[in-house]
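As structure tokens, one chain now follows by itself in the form predicted on its own.
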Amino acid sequence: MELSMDLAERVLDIALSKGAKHAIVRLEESYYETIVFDNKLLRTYTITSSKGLGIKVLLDGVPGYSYTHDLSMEAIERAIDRALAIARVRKSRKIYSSVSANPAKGSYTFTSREDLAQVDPETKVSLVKEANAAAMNLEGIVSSVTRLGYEKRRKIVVSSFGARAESEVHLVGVSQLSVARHGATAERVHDSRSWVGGFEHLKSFDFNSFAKDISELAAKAARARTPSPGTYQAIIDTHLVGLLIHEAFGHASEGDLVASGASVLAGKIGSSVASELVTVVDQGVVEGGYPVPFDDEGNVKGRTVVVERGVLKSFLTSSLVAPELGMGVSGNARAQDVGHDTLVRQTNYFIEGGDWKLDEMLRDMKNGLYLVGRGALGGQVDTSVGTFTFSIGPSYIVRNGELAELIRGVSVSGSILETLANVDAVGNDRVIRTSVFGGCGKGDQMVRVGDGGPHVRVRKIVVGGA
């Protein structure tokens, strides 16, 4: 059966006729293609696709969720019955006395001018093969892994709250992982680029130079020294700012964690949580990010100002969480696919730009570090206390207001609230990124997100060296 608004409305009517007080119907189909070259060999070329339906019901204030990939009416009715049964047996659990909604209506498309799925496979394989070889054929490089990814995702959400929304998003990207060795030292550097759209972006992008540049950086980093551990004044680049604000602060602003007491931000609405130079936003559709015009409950996802000039203004919420926090619904209920129920998740989370130019920050700082997110290897975050530790990419010493020697094996750690309070300059060069190769993980689910910001300078941050 084809996915359509008519089908979703029919399923909604059936759920309500069976006794649900409210219901949300989600229809979704996706296509994902990936090509991977590893050390000049084609390792994988995979294409996967799926289609399914999810149904969430509220019965006497208790939710129940079920789904099916069989779109016959018999299977759909069984999914509705399962959702109702789950709600009945969960009555001893939490009961939601009220629900908020800001229903979306309309159709939103963020698609390709040239559908990569229709491009000859040999053309796509050749692009990745050449880039992989360009990255491999450099002195000191011992490994080169190059990827191309393409995703098409179409969603329909219909709800008893009035949502009638449909979207289609195409996302394409390339990535490069290079490993260099110098003596006993091995250094790996990874980076990727993704765009909303299709083959038109790859035609205008120099994939070979991008991949080669990653290898050159890895080779230089393998020869670099590690920094002396300590507390430094530092400029944080646009990539690392996105990682920090998403992981260390963004998750703490998700309303379900706040309501459960697992966030350092609980009880701090109206309080100062950052320098007055810092404004933090979660926005559904923004240049460079992943488009989320409405969430998986069918609520409008617009622009949510979480922090305004250092003051905590709001949390991210869903229809069920918003009343618990006494807030409006922000449109942040998201799920990995129809096989999962929604959680409160970020969309495109970033720090707004300021007035400073990067060279002005460097000259004014004189001495310190320039910390880079490209090549970051991840880390750990504890939202309940607001602490973080990240292994980041090859970075630089700043000496006399200029970038000096490269350093490797850099890690940063600290309290996110203290770090944000120490911001003393915010750049005018905001950049937001997304990725077709991954996203944000929470509750065993992954969703596409965007994050970023401008260059930001902090008076002090704890830095370690591997």
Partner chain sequence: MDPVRIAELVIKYARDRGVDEVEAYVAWSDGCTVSITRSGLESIVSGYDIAVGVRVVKGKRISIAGAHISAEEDVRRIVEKAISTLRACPVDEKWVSLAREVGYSQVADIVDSSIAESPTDVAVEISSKLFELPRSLDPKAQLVEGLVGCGHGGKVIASSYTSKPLEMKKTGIEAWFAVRVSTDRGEGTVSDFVAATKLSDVNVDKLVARNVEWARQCAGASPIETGSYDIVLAPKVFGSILNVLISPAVSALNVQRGRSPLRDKLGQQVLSDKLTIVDDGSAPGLVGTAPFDDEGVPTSRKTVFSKGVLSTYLYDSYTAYAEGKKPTGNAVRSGVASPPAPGVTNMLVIPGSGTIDDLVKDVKRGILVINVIGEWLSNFVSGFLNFTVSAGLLIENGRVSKPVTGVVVSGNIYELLKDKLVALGSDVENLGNVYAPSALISGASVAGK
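Numbering follows the first chain given and starts at 1. The term rigid core refers to the maximal set of C-alpha atoms that superpose within 1.5 Å between the two forms. Predicted model only: the values in this text are computed from it and were never measured.
The next section is about a form of this same protein that is not shown, the form predicted together with the partner chain.
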| property | result |
| --- | --- |
| The partner chain in the predicted complex: contacted by all of 91, 94 and 377, heavy atom 4.5 Å | yes |
| Touches the partner chain in the predicted complex: residue 271 (any heavy atom, 4.5 Å) | no |
| 4.5 Å heavy atom contact, residue 389 and the partner chain in the predicted complex | yes |
| The partner chain contact at residue 213 in the predicted complex, heavy atom, 4.5 Å | no |
| 4.5 Å heavy atom contact, residue 410 and the partner chain in the predicted complex | yes |
| Contacting member of 187, 191, 166, 151, with respect to the partner chain in the predicted complex [4.5 Å, heavy atom] | 187 |
| Contact residue in the predicted complex, chosen from 257, 280, 128, 99 - any heavy atom within 4.5 Å of the partner chain | 257 |
| Option from 356 to 364, 100 to 108, 301 to 309, 378 to 386 whose residues, in the predicted complex, bring a heavy atom within 4.5 Å of the partner chain | 378 to 386 |
| Members of 205 to 241 lying within 4.5 angstroms of the partner chain, judged by heavy atom, in the predicted complex | 226, 229, 230, 231 |
| Core fit, then residue 436 C-alpha moves 2 Å or more between the shown form and the other one | no |
| C-alpha of residue 61 moved at least 2 Å between the shown form and the other one on rigid core | no |
| Per-residue C-alpha change between the shown form and the other one, residue 229, threshold 2 Å, rigid core fit | yes |
